[in-house]
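In structure tokens, one chain follows: the form predicted alone.
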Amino acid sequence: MSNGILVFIEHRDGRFNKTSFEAVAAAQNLGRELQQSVAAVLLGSGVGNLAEMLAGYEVAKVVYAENEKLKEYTPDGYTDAMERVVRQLDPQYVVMPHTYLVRDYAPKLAARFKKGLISDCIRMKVTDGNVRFTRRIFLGKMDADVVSEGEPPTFVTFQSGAYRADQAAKGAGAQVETLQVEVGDVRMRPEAPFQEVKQAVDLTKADVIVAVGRGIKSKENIALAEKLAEVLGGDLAASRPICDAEWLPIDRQIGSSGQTVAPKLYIALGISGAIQHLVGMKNSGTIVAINKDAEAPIFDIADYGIVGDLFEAVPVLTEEIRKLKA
């Protein structure tokens, strides 16, 4: 009988992909809800040190699947290796980060088990032992709840920001099991991996974000938001119109065509809440919105809202926070 949860850990050039630990947090959360153990799997060659590092997390064990053909990523190699690990461990769920690499090979892996891939999930809910995964469709205009039917395993990926990497619980040292896996013919020659444009500012790591929208009215008024971000020890961000106007660099754009973030605190100043923006910040821990339009969509997802003039509210808020920190 299938049991447990297997989480895939991605790495490159001797370093973990940070979204792998978001997947660990998701797997641990699922494990607690279902009262099942979590195992981590690492594929590669000559990266036993990374497996040892993984052992410091709260997992039942770390499976290090080794083969010279796994030294560099190929969809053939990774699919073969993961298939063998999954068949040996027989997990109920296989959890993966929704990265370019996973998007490349995971559908092929799921197909080997005659299963579909539930991809790009933003959350999950467990009710009476049944898991419902939620993913966005139509560019975030709708949420779709997905339930896996049939025999395990269920393959699922989580969107970056759905869980925070710092939510991944540390452990006392899990057992590392090295598994020499067979890998068949690799038909492709690895080339340089896809490289995202390097961001001057990585907002995905910010705990506090103060974002501005059209309501800020002019570039000069952004100083108000900067002061609030400074007193909170946070980062400044913006909706697309602000970056299109070149009032802030594109690196600070949040949304479907910008960065996807999930800070502990997100303060939206003069942002109406267009769906393209909400897609990028909806999973924030606490959302505070200040907007003079009481019907602005941002209030639908805000935990706290101030209906009023941001030019009156923000200076007062900044000063009060400064007093509290003094």
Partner chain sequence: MKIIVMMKQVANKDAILRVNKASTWIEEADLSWEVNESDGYALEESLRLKEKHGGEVIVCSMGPQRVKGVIKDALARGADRAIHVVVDDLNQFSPYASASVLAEAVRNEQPDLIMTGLQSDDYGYAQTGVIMAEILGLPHATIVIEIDASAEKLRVKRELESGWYQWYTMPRPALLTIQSGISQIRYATLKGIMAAKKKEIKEIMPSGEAATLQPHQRIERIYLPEKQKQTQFLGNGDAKAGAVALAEKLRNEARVI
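Computed from a predicted structure; not experimentally measured. Between two forms, the rigid core is defined as the largest C-alpha subset superposing within 1.5 Å. Numbering follows the first chain given and starts at 1.
One more form of this protein, predicted together with the partner chain, exists but is not displayed; see below.
Query raised in the report: Using a 4.5 Å heavy atom cut-off, are 45, 68 and 88 all in contact with the partner chain in the predicted bound form?
Result: Judged in the predicted bound form, none of 45, 68 and 88 sits within 4.5 Å of the partner chain.
Requested in this report: Could you tell me which one of 169, 223, 126, 245 places a heavy atom within 4.5 Å of the partner chain in the predicted bound form?
Outcome: By the 4.5 Å heavy-atom cutoff, the listed residue in contact is 245.
Query raised in the report: Among the candidate residues 227, 84, 164, 136, which is the single one with a non-hydrogen atom no more than 4.5 Å from the partner chain in the predicted bound form?
Result: Looking at 227, 84, 164, 136 one by one, just 136 meets the 4.5 Å heavy-atom criterion.
Report task. Work out which of the listed stretches, 215 to 223, 177 to 185, 70 to 78, 88 to 96, brings a heavy atom within 4.5 angstroms of the partner chain in the predicted bound form. Result -> Of the stretches listed, the one contacting the partner is 70 to 78.
Report task. Spell out, yes or no, whether the shortest heavy atom distance between residue 273 and the partner chain in the predicted bound form is within 4.5 Å. Result -> Flag for residue 273 set to no.
Report task. Would you please decide whether residue 205 lies within 4.5 angstroms of the partner chain in the predicted bound form, comparing each non-hydrogen atom pair? Result -> Residue-level check for residue 205: no, no contact with the partner chain.
Query raised in the report: Taking heavy atoms and a 4.5 Å cut-off, does residue 107 contact the partner chain in the predicted bound form?
Result: The answer is yes: residue 107 has a heavy atom within 4.5 Å of the partner chain.
Requested in this report: Evaluate residue 236 for contact with the partner chain in the predicted bound form, applying a 4.5 angstroms cut-off between non-hydrogen atoms, and reply yes or no.
Outcome: So residue 236 does not count as contacting the partner chain.
Query raised in the report: Along 169 to 191, which positions have a non-hydrogen atom within 4.5 Å of the partner chain in the predicted bound form?
Result: Residues within 4.5 Å: 187, 188, 189, 190, 191.
Query raised in the report: residue 76: CA shift of at least 2 Å between this form and the one not shown after core fit?
Result: No; that C-alpha moves by less than 2 Å between this form and the one not shown.
Requested in this report: Superpose the two forms on their rigid core, then report whether the C-alpha of residue 260 is displaced by 2 angstroms or more between this form and the one not shown.
Outcome: Residue 260 C-alpha, core-superposed: shift of 2 Å or more.
Query - Core superposition between this form and the one not shown, C-alpha change of residue 121 at least 2 Å - result: No, the C-alpha position differs by under 2 Å between this form and the one not shown.
Requested in this report: Regarding residue 283 and residue 131, go with closer or farther for their CA spacing in the predicted bound form versus this form, the difference being 3 Å or more.
Outcome: Compared with this form, residue 283 and residue 131 lie farther apart in the predicted bound form.
Query raised in the report: With a C-alpha distance change of 3 Å or more, do residue 283 and residue 37 lie closer or farther in the predicted bound form?
Result: Farther apart, by at least 3 Å.
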